[in-house]
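Below, in structure tokens: the form predicted on its own, a single chain.
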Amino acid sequence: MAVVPAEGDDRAAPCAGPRAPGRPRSSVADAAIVAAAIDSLEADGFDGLTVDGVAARAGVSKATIYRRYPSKIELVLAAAQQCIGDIPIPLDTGSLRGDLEATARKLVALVSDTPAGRIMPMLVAEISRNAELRDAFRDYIGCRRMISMEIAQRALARGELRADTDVDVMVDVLAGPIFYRSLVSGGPLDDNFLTHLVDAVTRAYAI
């Protein structure tokens, strides 16, 4: 499934990895490889994912995969990018609270209803012991965070936030409880939780 930014919003594009120079690649093969990598991560985990297995699932040769992804890390990162990129970026709702709620709901959808949520625990575990994977994800997540931080920048421009707001921390305060419940505590990610979370962030930072 191709990455589909929210309507009128192409900001997801800068987070994609660079395309290698040379002859244009087959989009059908591209999609099949990434879909197969996602399926393999779900079924077999990081350690169980192999280029042989992905090639068999995708119906392509190993050479076709290696031309696109010279390493397993790059293939796994492409799979994660696909999962995350498939969640559209919330458009500007016109208010801080509206933006916070829309973003929180997208994050809950990400961890609850997509392959990203299912492969995230194993990737988090692998990142803790694999420096190469950790560095690759740090760059990509940093790009996604810059998009999320636009919420705070818009609110500052509208005069809804204190001028001394640390927007980097604010993003963590919104997203952190969602990922904690998804990855650690198993607490509910329901409407009641989202309402209280958005209330707490708004009280902490809004004027």
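C-alpha atoms forming the largest set that superposes within 1.5 Å between two forms make up the rigid core. Please read these numbers as outputs of a predicted model, since none were measured by experiment. Numbers follow the displayed sequence, beginning with 1.
Omitted here: the form predicted together with a further copy of the same chain. The next part is about that form.
Enquirer: For the chain shown here without its partner, which stretch in 64 to 72, 27 to 35, 151 to 159, 41 to 49 has non-hydrogen atoms within 4.5 angstroms of a further copy of the same chain in the model of the complex?
Expert: Of the options given, it is 41 to 49.
Enquirer: Is residue 127 part of the interface with a further copy of the same chain in the model of the complex - any heavy atom within 4.5 Å?
Expert: Answer yes; at least one heavy atom of residue 127 falls within 4.5 Å of a further copy of the same chain in the model of the complex.
Enquirer: Contact with a further copy of the same chain in the model of the complex for residue 59, defined as at least one heavy atom pair within 4.5 Å: yes or no?
Expert: Contact check for residue 59: no, nothing within 4.5 Å of a further copy of the same chain in the model of the complex.
Enquirer: Would residue 122 count as a contact of a further copy of the same chain in the model of the complex, using a 4.5 angstroms cut-off between non-hydrogen atoms?
Expert: So residue 122 counts as contacting a further copy of the same chain.
Enquirer: Hey, in the model of the complex, is residue 143 touching a further copy of the same chain, heavy atoms inside 4.5 Å?
Expert: So residue 143 does not count as contacting a further copy of the same chain.
Enquirer: Check each residue of 158 to 194 against a further copy of the same chain in the model of the complex and list those with a heavy atom within 4.5 Å, in sequence order.
Expert: 162, 164, 166, 168, 169, 172, 173, 175, 176, 177, 179, 180, 181, 183, 184, 185, 186, 192, 193, in sequence order.
Enquirer: Quick one: once the rigid core is lined up, does residue 72 have its C-alpha move by 2 Å or more between the shown form and the other one?
Expert: Yes: residue 72 shifts by at least 2 Å between the shown form and the other one.
Enquirer: Given a change of 3 Å or more, say if the Cα atoms of residue 43 and residue 187 sit closer or farther in the model of the complex than in this form.
Expert: Compared with the shown chain, residue 43-residue 187 is closer in the model of the complex.
Enquirer: Have a look at residue 43 and residue 186: in the model of the complex, are their Cα atoms closer together or farther apart than in this form, given the change is 3 Å or more?
Expert: Closer together, which means the C-alphas of residue 43 and residue 186 are at least 3 Å nearer in the model of the complex.
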